[in-house]
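Given as structure tokens, the chain that follows is alone and in the form predicted on its own.
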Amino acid sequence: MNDFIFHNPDKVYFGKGQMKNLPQELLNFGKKVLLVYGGGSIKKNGLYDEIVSLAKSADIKLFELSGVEPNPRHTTVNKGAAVCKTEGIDVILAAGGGSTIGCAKGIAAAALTDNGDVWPLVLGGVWVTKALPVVAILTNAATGSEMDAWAVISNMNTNEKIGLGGSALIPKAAFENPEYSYSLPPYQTACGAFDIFNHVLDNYYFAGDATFDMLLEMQEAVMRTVVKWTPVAMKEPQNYEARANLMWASSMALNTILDGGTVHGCACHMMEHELSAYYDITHGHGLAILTPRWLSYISDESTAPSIYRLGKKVFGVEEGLSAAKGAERAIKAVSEFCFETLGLKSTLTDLHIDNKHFREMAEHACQGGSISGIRCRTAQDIEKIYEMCL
């Protein structure tokens, strides 16, 4: 195992009766609050009215930025930063899923720059140590942004989708009420759940000598949770236990507690960011299409034992197989989960994506080098994996 430091200062309020604590958390930073949200689902499920009522009761002044996109644009982030500068905003309140929270983080960082433009921070790979405080209300279990230091911002003018990170971007507090995810349709539930699954698989699981048994068992528990409870949530959208398990799995997957020094290049996420940047597809769906093909591509004598372990521990693949056969069964189990259990379309062709941009996408995913991991992948490798997904 590698050396590591664990520090996550996010304060989480989990459960049904926690919103009463929202005003005090906001007032810790001031009375001027920018409420950031997406397409209006928080108005349909009553969360918006609850926020407005709580703010009014505490003499908090709300400003709003709505319409955050599923892959948040840098232009939307900059609009929010301009409001912060003009109105002297004290704290940003994000109400939504990972895109909304990520947009709020981008706003928090850009608002304290001279020109209020987030894109130079993104392109420059700046580690943000100074930002406005962010408080998050989670409505979709998926990205883990409610407890991590990252946002992902898209520039559709240049077909780029890039991460922005920093210690200052970890939310100061997060409110996680599984009831707020009841209104999610099955497709969004499925895509969000596979994002959770892939966060563990892609970030930590295949770390070789850089991991240890306790972390592996915890990682597998999070993936098993997704496999068990996602179909329940899809069939019974108001099943509190299912939604609660997925929501906490989302936070656990990326709050660094499963890290233990094991993070590598996140190959599937790097590949999928290119798909979202060029075609604006749903992130979790792109990951589902890529992941089984990536596993097939990297499977060899050295990697098969780890892939087989995934099959045994997460999907119940039988013991006693050869490593190669076990890895084959494990990859089949992942495919069946994505395309049969979750019901997601299985190819890029199904999403009307062809190979026109594969080469430039692959080169950008590798950033001029290769993606590290259980097996390093070059741009040529990435292009072949994209081809396998057609």
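Keep in mind the model is a prediction, meaning the values are calculated, not measured. Each residue number is its position in the shown sequence, starting from 1.
The protein also exists as the form predicted in complex with 5,6-dihydroxy-NADP; that form is not presented, and the subsequent description refers to it.
- When contacts are judged by a 4.5 Å heavy atom cut-off, Val152 counts as touching 5,6-dihydroxy-NADP in the model of the complex.
- Contact between Gly39 and 5,6-dihydroxy-NADP in the model of the complex is found at the 4.5 Å heavy atom cutoff.
- In the model of the complex, 5,6-dihydroxy-NADP sits within 4.5 Å of a heavy atom belonging to Asn45.
- In the model of the complex, Gly97 approaches 5,6-dihydroxy-NADP with a heavy atom inside 4.5 Å.
- Looking at 5,6-dihydroxy-NADP in the model of the complex, residues Ala142, Leu184 and His269 each place a heavy atom within 4.5 Å of it.
- The partner is not drawn, yet in the model of the complex one stretch among 221-229, 112-120, 191-199, 314-322 has residues with heavy atoms inside 4.5 Å of 5,6-dihydroxy-NADP: 191-199.
- Interface residue among His264, His273, Arg309, Arg293 relative to 5,6-dihydroxy-NADP in the model of the complex, by the heavy atom within 4.5 Å criterion: His273.
- Only one of Asn71, Thr256, Asn78, Thr303 lies close to 5,6-dihydroxy-NADP in the model of the complex, with a heavy atom inside 4.5 Å, and it is Asn71.
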